[in-house]
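Shown below, as structure tokens, is a lone chain in the form predicted on its own; questions about how it binds or moves come after it.
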């Protein structure tokens, strides 16, 4: 079957494209949606692309924009293969709909998963334009070539894309074998810096984020939820709340039913004519809760429980050689335990949604990473079909994984159905931090038997953490396959005997994925332990790390169940140690590693990690003053992400990863007492600001013709171990528990 097919507008895009449109669907779509409907009015050569008779190219993007630039990068791919003039490209945001294929903007996979389909769609459109021009001129198609929004004949004759749209609509869709994709040397936009399409609107305040969404006649709601996860409402008194100016009443939301998935937590909503009034009225509520089974959750005791479990034999997830036999030989061994606390996403824009329930259907406006999850979750919340939920996607003021979990949209829909009018639910910062889908805490134990040169002959690692799987299965205690595939069972070291294990842990809060997911605690443990082994051996950290990785090779990860390689075959995206070695070498060279020897309270640290099919090495330079204040003068990232589509955004993502990773390493910690989260705002859940953030971030993108991989997340995992390794080099203090702020540095 051809990868590009004609699609019926009537069943597919009515209301988006004009009457009489020809639409072609890429093969990423369900085949059930593909159907012929050819006409000659306006040419729309793919699900993602259209050309109007005035020459305007309409690029329909189906992914969410939260600063990554994906609303620009994917249309860049189309425009490049189409040989379109970027000035004549208009980008439209697609609503939530399964017709677009996967819309979940998570996992740093948008370019990886859609790059080829977008290129083929653009190339198909270009070839159809060239053939249309050839037919009009009655010349061989080989004599016609698309050049910057025109088709040019070798004689010099030219026709604009708008002039050819209707004629191109009559052309047969090219077969894949007929397509001639551009070579890298021919790229006009791919690999070049292009201003993101939303830049001017963001800078001038015209951009519409979730917080900006408004609907005529809407009311505002602020929801009081149980301070303990799973708590049940016993009673409430809203007498004083109703006295607040602007408050019109209250409504209740039923507690979720296990497993929680993305359901609303439940609680009491204060309804008002403004967000401020709703929040002020909420402060006057008198609410009684039954805290339920998680009332005894204490994060300090839970940490001890995780670490104790990690010190005992657990379920083997991958075994190479025989670590037990090697340890039984005696000799020198080293071991250590590591801990990373619960973390909150804390995006700058807290969760917010507007919902309008009317005539058995719901329309939602929200900042979401996953509009199809909004459809499913809202439908379940109000008892309708997912196809009866329309999700309009706004820009996102940060996401980091939190906004792919649309409990806040469910709250708005439930309240709209009750009240019979549109409702806007706005989460406060306190709501956001105290009721998050938290990034999991993790306890890790590592042990190595070392030879004469300090290189391990056996390596054992155990990881224990409450799983994301508990979101979908309330009884889940062991890691999901994907969590084990996030920097744990894919050890890239040249060690004959190594074993990875996973132990059970019960969840006491909602656990969700956050930027780089389980790689955060896995990378911290593994690359901190590598530094400890290098220190024990008295060897240079870079030289030791390269020796530990060994020669460049492709590792075949064999496990049962099969290794989760971001759902990609290993032959397509192998674990390639040559690429890992290369980023280490580049980071060391660019940072001046060889010439910057540690001195009192100033040193470099390094870590390197493969995640989201991308290889990143990070070198951090730290300085500690006499009062113990740590600053980061420089941070270097060396990145091999395969083919880079949008270098400016790739650099920006690494720069952001530096700040995000610094926040995690230095200050990020969510704690609980008696089941309730103790943090509430940036005063006690701080993020790195200008004095704490790296002063200079240098990003070194390694040119590559490999397939595109992830960019948004893989810069985060190496940052924390690079910082703590630098602290050890400068002070001799070994930090095995995050955040760093809990350790006195001088």
Partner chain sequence: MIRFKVNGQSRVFDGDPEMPLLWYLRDEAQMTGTKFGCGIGQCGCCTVLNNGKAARSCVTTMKDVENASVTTIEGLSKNGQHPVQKAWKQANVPQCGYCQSGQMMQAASLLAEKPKPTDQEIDAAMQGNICRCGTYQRIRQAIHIAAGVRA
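A quick note: this is a predicted structure, and the numbers were derived from the prediction, not measured. Positions refer to the first chain, counted from 1.
One more form of this protein exists, namely the form predicted in complex with the partner chain; it is left out here, but the text below deals with it.
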Could you check which residue among 643, 333, 150, 428 gets a heavy atom within 4.5 Å of the partner chain in the model of the complex? 428
Among 576, 532, 481, 655, which has any heavy atom within 4.5 Å of the partner chain in the model of the complex? 655
For the spot marked by 220, 345 and 693, is every residue within 4.5 Å of the partner chain in the model of the complex through some heavy atom? yes
Report yes if any heavy atom of residue 135 sits within 4.5 Å of a heavy atom of the partner chain in the model of the complex; otherwise report no. no
Contact flag, residue 234 vs the partner chain in the model of the complex, heavy atom cut 4.5 Å: no
Should residue 238 be classed as touching the partner chain in the model of the complex when contacts are defined as heavy atoms within 4.5 Å? no
Using heavy atoms and a 4.5 Å limit, would one call residue 66 a contact residue for the partner chain in the model of the complex? yes
Of 517-525, 389-397, 503-511, 93-101, which is the one stretch near the partner chain in the model of the complex, taking non-hydrogen atoms within 4.5 angstroms as near? 389-397
Across 264-284, the residues having a non-hydrogen atom within 4.5 Å of the partner chain in the model of the complex turn out to be 274, 275, 276, 279
